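Taking the form predicted alone, here's one chain by itself in structure tokens.
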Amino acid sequence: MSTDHRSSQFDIAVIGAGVIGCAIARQFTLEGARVVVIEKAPDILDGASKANSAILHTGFDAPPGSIEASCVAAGHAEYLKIHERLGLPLIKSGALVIAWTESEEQRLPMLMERARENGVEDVQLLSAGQTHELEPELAEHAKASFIVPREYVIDPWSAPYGYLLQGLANGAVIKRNCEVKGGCFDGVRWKLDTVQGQISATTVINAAGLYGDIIDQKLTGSTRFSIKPRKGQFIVYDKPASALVKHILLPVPNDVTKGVVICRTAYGNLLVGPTAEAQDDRVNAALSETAMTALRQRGEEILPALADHDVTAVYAGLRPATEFKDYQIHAHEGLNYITVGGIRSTGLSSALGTAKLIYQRYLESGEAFQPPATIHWPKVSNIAENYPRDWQCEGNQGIVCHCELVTRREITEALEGPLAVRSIGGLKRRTRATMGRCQGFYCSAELAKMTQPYFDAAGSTVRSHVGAN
């Protein structure tokens, strides 16, 4: 194994810097591999991982025996094990799966039995009265529910950022703006042709998310699945609305989607969404006024008091759904190549577990690494509302974004740190700047000045991206 970090020779090349790619890079780096992460976008999390429900799921409703079920369970456990060492937030809310019709109520026992099959044995059936006792603002027509105590709210961006940051602190390399154009395997090593030149690695792991099937085609000439993006649209309510709920409110899921969720966010807002709409476009997640209206109506049906609260933002994201229900993880015999595809809405929860599974698949090849003698544990700067923020600390150089209380020091550190942001979208995800009630109206000019040395055409870029995520 090479130990020259300036070299273009790697043990593992991970294609894609979404939450799955970041977690895989961390896992292999901590096992002792020399890892490069290759991302075609300007920043990490620019694809499917930038928009999700920000819930750490237990996997209670996953198909028993599925890859998804095992990865979510393992990912949930690993997050609880490491989150404090990486400085990642965990809001212990629990979740209620609520039946609104008699037919949904009849399905609750089946779902609880499935939860137990998936190792989530602490679920408990609640009557309508018990449900309303836990959630007094809930609409009166709730029939019953069951509680899943270990479903939690987390920060959807700090988690993958922390995974990759730890990978970098222990020797991994990230290459952004680095699209893979093709490549070949000579029987020993891969030579990947990228827009930044050739990268050589012993093993390639395809974690390209919305482009997983395309990367398979480019590198192996075939693929076992087709990505059919599934759009999810969300509404974010202003912070006072978060007082309306204590738990994550889940509907009775169907075969396609977990349905419309209502929950607090780690940033102190209230979230309603997502929708689930299949589309062909892998890039554009256009918002629909009709869907926004329907989401708002659904939210007010569940929590009538929502009608008195303002919406702060709306956003949409694309999930890499396939024709299959389960994750598509395949080790290609004789090619030193592993596909990690079809990771849909549970990717944030399963990432650490998926990374462990991929490493186990790798070990089946007979190869192994020597873990480093010392593992570094860098801490992520907190942006979650339930934990101490930088604006409360001395020396923060003043507040730039007054809606989200983002300090000049936080922005500077995001621009200059070891995994420095390279886009305004990345800056938003790292600091929350522009994500408050004014959506950047007041702070965009100052942000343009601060980012100008780092981003191209910063003055126009800041405003043009407001509300995009």
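Not measured: the values here are computed from a predicted model. Each residue number is its position in the shown sequence, starting from 1.
The next section is about a form of this same protein that is not shown, the form predicted together with a small molecule.
A single residue from the set Arg422, Arg34, Lys40, Arg432 has any heavy atom within 4.5 angstroms of the small molecule in the model of the complex; that residue is Lys40. Scanning Ile215, Leu126, Leu303, Ala291 against the small molecule in the model of the complex with a 4.5 Å heavy atom cut-off leaves one residue, Ile215. Heavy atoms within 4.5 Å of the small molecule in the model of the complex are found in one stretch of 346 to 354, 330 to 338, 128 to 136, 382 to 390, which is 346 to 354. At a distance threshold of 4.5 angstroms between non-hydrogen atoms, Pro274 is in contact with the small molecule in the model of the complex.
Contact annotation: Ile55 falls within 4.5 Å of the small molecule in the model of the complex, judged by heavy atom distances.
In the model of the complex, the small molecule sits within 4.5 Å of a heavy atom belonging to Ala48. Taking non-hydrogen atoms only, Val19 approaches the small molecule to within 4.5 angstroms in the model of the complex.
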